[in-house]
Ligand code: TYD
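Let's start with one chain on its own, the form predicted on its own, as structure tokens.
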Amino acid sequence: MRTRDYPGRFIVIEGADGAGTTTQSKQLADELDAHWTYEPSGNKIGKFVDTMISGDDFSPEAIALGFAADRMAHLEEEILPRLEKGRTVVCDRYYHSSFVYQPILGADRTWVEELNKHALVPDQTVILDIAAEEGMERVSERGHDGNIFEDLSFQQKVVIQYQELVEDLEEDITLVDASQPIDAVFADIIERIEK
């Protein structure tokens, strides 16, 4: 993985579907006066990745390649230029999602990690930890995105894999209880970030 050598700060918010990654990452970006972004990104590759995960037409390997290509373009076009200028960037999902989701689909985890070896390691990653049942209930309430990941049994595996990432990766990663009210979750995120 590419290690940090930029004056800006790179923070990632991760978690299972319904954990609140978008809500919390946007709020954090506002609080820190940071640039907010997300994956899959809004570039051409990211939009195609959205298409790829809306049905079962593509293999787990093709999906993993799509995410990795989008990630590198996202880094080069949007994230690194801001970090080089000393800005803080907050990203809603990053390679941690690939390490969790694509292997559950069937791609080899070591291979997925190899695909992402040139991605920048974040300064801090916060994983929003929530029971799959509660996460999927939230997804139902807000309206489904229509992607292949919105399945309870799949999300139960996702939650476990995210919890294991904290031990698996030698990075600054922390878990936050996302079952709390939104304000309490955000307070915990701020506390972890400030530490």
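In case it trips you up, residue 1 is the first one in the sequence shown, and so on. Every value quoted in this text rests on a predicted model; they were computed, and no experiment measured them.
Separately, the form predicted in complex with this ligand exists; it is not shown, and the next lines address it.
If contact means any heavy atom within 4.5 Å, which of 164-172, 25-33, 65-73, 122-130 contacts this ligand in the model of the complex? Looking at the partner contacts, the answer comes out as 65-73.
In the model of the complex, do Glu134, Gln180 and Phe186 all put a heavy atom within 4.5 Å of this ligand? No residue of the spot touches this ligand in the model of the complex.
Does this ligand get within 4.5 angstroms of any non-hydrogen atom of Glu39 in the model of the complex? Taking the distances in the model of the complex, the answer for Glu39 is yes, it comes within 4.5 Å of this ligand.
Flag Phe58 as yes or no: does it have a non-hydrogen atom within 4.5 angstroms of any non-hydrogen atom of this ligand in the model of the complex? It does not: once this ligand is placed as it appears in the model of the complex, Phe58 has no heavy atom within 4.5 Å of it.
Test of understanding: in the model of the complex, would Val159 fall inside 4.5 Å of this ligand by heavy atoms? Contact check for Val159: no, nothing within 4.5 Å of this ligand in the model of the complex.
Is there any non-hydrogen atom of Asn147 lying within 4.5 Å of this ligand in the model of the complex? Contact with this ligand, yes.
Determine the residues of 72-102 with a heavy atom within 4.5 Å of this ligand in the model of the complex and present them in sequence order; the list may be empty. If the 4.5 Å heavy-atom criterion is applied to this ligand in the model of the complex, 72-102 yields Arg93, Tyr94, Ser97, Ser98, Tyr101, Gln102.
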